[in-house]
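Only one chain is included here, represented as structure tokens and corresponding to the form predicted alone.
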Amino acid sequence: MGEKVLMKGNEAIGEAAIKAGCTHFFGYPITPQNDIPEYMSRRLPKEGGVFLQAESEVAASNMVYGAAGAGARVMTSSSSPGISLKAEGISYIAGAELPCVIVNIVRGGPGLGGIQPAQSDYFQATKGMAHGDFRLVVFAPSSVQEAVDLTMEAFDVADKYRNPVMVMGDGIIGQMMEPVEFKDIGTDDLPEKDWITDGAEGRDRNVINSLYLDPEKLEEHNWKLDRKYEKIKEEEVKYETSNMEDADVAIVAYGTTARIVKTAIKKARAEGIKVGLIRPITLFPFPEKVINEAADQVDKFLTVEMSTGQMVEDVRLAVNGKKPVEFYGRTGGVVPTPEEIVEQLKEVVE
């Protein structure tokens, strides 16, 4: 266990990556994640690593491809439109089964949108990142400490499955300061990287590729990836529940919205509304089972997001028609208040 220090979220993510063994960072500036590349540019060279500001997001994601292919622990970060530009490269990385960590500090969209916090990249992260049959593992921290822990874990999960892992926060996570400690949460039980392209002296050459012109070979590759994603669904689901023991209503929320919901739950319970929280920590794999099981207990669900309603679709799929699922959202950088959520709860329970 380390000493607790007060850090801004973006900088804490950068330090967590270095402590997790990240040796290479490639990125391009965009608000509200700029503190991450700025921090890495100062710290990573002192640790013997490589920081490079690319000429564009497209270039940065392809630099990640190269470094990951050579076996480096590598990270990139951006904010919403920047992630869109990186998306083609991320698809190549996933297709080539290369491990890396991608941080998205989400801003309001669509288009250039605004720099205030939002959760409107849920679809992008979990469903529509880019072309082809591939998935990312997506972590959604709700505090700076959790952003640190999940960033460090992300490198191990990426290596374990040879797959990109995204840490998706919002502008609040990136900009607020909280006390954090950097715990030793790494694992030594990781597969050997005998597939990397670091020279072939004394062995057969390795080939890293996502180009399959033979449709039969590409189909075989896609089903191989799909089997990996099914294994990830079995092994990597993370969630938190609170106040669910006697709840009549379950709120589903993630990230900083879940923190606001916890305050709303205290206010609602003081007024006699029995409400609990299910907080997905992994957005993929999504905690379908716990939500479906909760549907046998509660009367209704309320999904709260900083979007016009994206995760709510997965909540409805998980509930599978057992109970009604209502939605409350603010978007464009507007953050919901506990009072608004309590008022919405009152409408739901009526």
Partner chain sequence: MEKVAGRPDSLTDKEFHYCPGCTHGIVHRLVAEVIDEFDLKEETIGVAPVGCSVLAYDYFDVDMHEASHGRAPAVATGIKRVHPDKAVFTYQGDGDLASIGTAEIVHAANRGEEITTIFINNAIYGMTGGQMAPTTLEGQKATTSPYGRDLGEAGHPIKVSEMLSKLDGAAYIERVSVDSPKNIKQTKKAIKKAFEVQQSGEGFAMVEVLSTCPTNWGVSPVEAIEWLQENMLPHYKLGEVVDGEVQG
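Computed from a predicted structure; not experimentally measured. Positions refer to the first chain, counted from 1.
This protein has a second form, the form predicted together with its partner chain, left out of what is shown; the following refers to that one.
- For the options Asn206, Asn222, Thr263, Asn243, the residue carrying a heavy atom within 4.5 angstroms of its partner chain in the model of the complex is Asn206.
- Contact with its partner chain in the model of the complex, judged by any heavy atom within 4.5 Å, is made by just one of Glu178, Glu236, Glu88, Glu181: Glu88.
- Contact with its partner chain in the model of the complex holds for none of Leu218, Glu230 and Val315, as no heavy atom of theirs lies within 4.5 Å.
- Contact annotation: Ile30 falls outside 4.5 Å of its partner chain in the model of the complex, judged by heavy atom distances.
- Although the partner is absent here, Ala258 sits far enough away that none of its heavy atoms falls within 4.5 Å of its partner chain in the model of the complex.
- The shortest heavy atom separation between Pro285 and its partner chain in the model of the complex exceeds 4.5 Å.
- At the 4.5 Å threshold, heavy atoms of Asp189 stay clear of its partner chain in the model of the complex, well away from it.
- This chain is displayed without its partner chain, yet in the model of the complex the stretch 53 to 61 from 319 to 327, 53 to 61, 306 to 314, 285 to 293 comes within 4.5 Å of it by heavy atoms.
- Residues Asn62, Met63, Tyr65, Gly66, Ala67, Gly69, Ala70, Ala72, Glu88, Tyr92 are the members of 60 to 96 with a non-hydrogen atom no more than 4.5 angstroms from its partner chain in the model of the complex.
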